[in-house]
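Starting off, we have a lone chain in the form predicted on its own, written out as structure tokens.
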């Protein structure tokens, strides 16, 4: 597959450093009988090691040039399936939910241009997974591991922390890829929690509250939430924030996950009382 050229529009940067491949596979820790979802197998650098482990590997590949080549290379392996599809259009529950109840591991070198969207898909079905090992743009990785009150802290940080323990494993330099990207990458591990880290009451509402709080980072929490029309009128919002002991003059980036959970439950209760 060495003659296959990367397509810029697909965000392709093929992983070619064997030592990085081995480190990622070691983190995934594939064993015979494991169920592993690989997203964007590309030229099969990780796929070969995953299949050789005896794990059951399902690879989702968008590139119509690569999917048939992978199917041909692994034609003799009953533990490998390649699906030519866009992971963003794939129903993960439908694809993975028929695996006899066994949770899935994930290995992925995510294109920078869709990494946030793919993460949100994982967050919709965290119960499907036992461990995710994802390579992302370092900037995205920094956001996921960020503490409150710093510029990296934001929507993805809070959404991920609600359902996963996130750990940055190591940095990957541009020279590990072909073509060579302009930025560093980071490999992160995601371990699903047995239950959400905080009681948010209603997760869809929680997401609305968080998005509203970060919609205009320079504005106060009060102005952001009031503009989002989460409640009927300013008086009701003021009462909720007072009850939750959250200063309306703060900015969203200063609130912890637990404070956002408290605020969401307060808004939910206020909605139920009207």
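Positions refer to the first chain, counted from 1. Quantities reported herein were computed from a predicted structural model and do not represent experimental measurements.
From this point on, the text means the form predicted in complex with a small molecule, which you will not see here.
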_Sole residue of 106, 156, 110, 96 within 4.5 Å of the small molecule in the predicted bound form, by heavy atom_ = 110
_Can you work out which of 87, 119, 187, 198 has a heavy atom no more than 4.5 Å from the small molecule in the predicted bound form?_
87
_Given that the small molecule is not shown alongside this chain, does residue 63 nevertheless sit within 4.5 Å of it in the predicted bound form, heavy atom to heavy atom?_
yes
*Spell out, yes or no, whether the shortest heavy atom distance between residue 266 and the small molecule in the predicted bound form is within 4.5 Å.*
no
*Could you confirm whether residue 240 comes within 4.5 Å of the small molecule in the predicted bound form, counting heavy atoms only?*
no
_4.5 Å heavy atom contact, residue 13 and the small molecule in the predicted bound form_ = yes
*Among 200-208, 138-146, 124-132, 111-119, which stretch has residues with heavy atoms no more than 4.5 Å from the small molecule in the predicted bound form?*
111-119
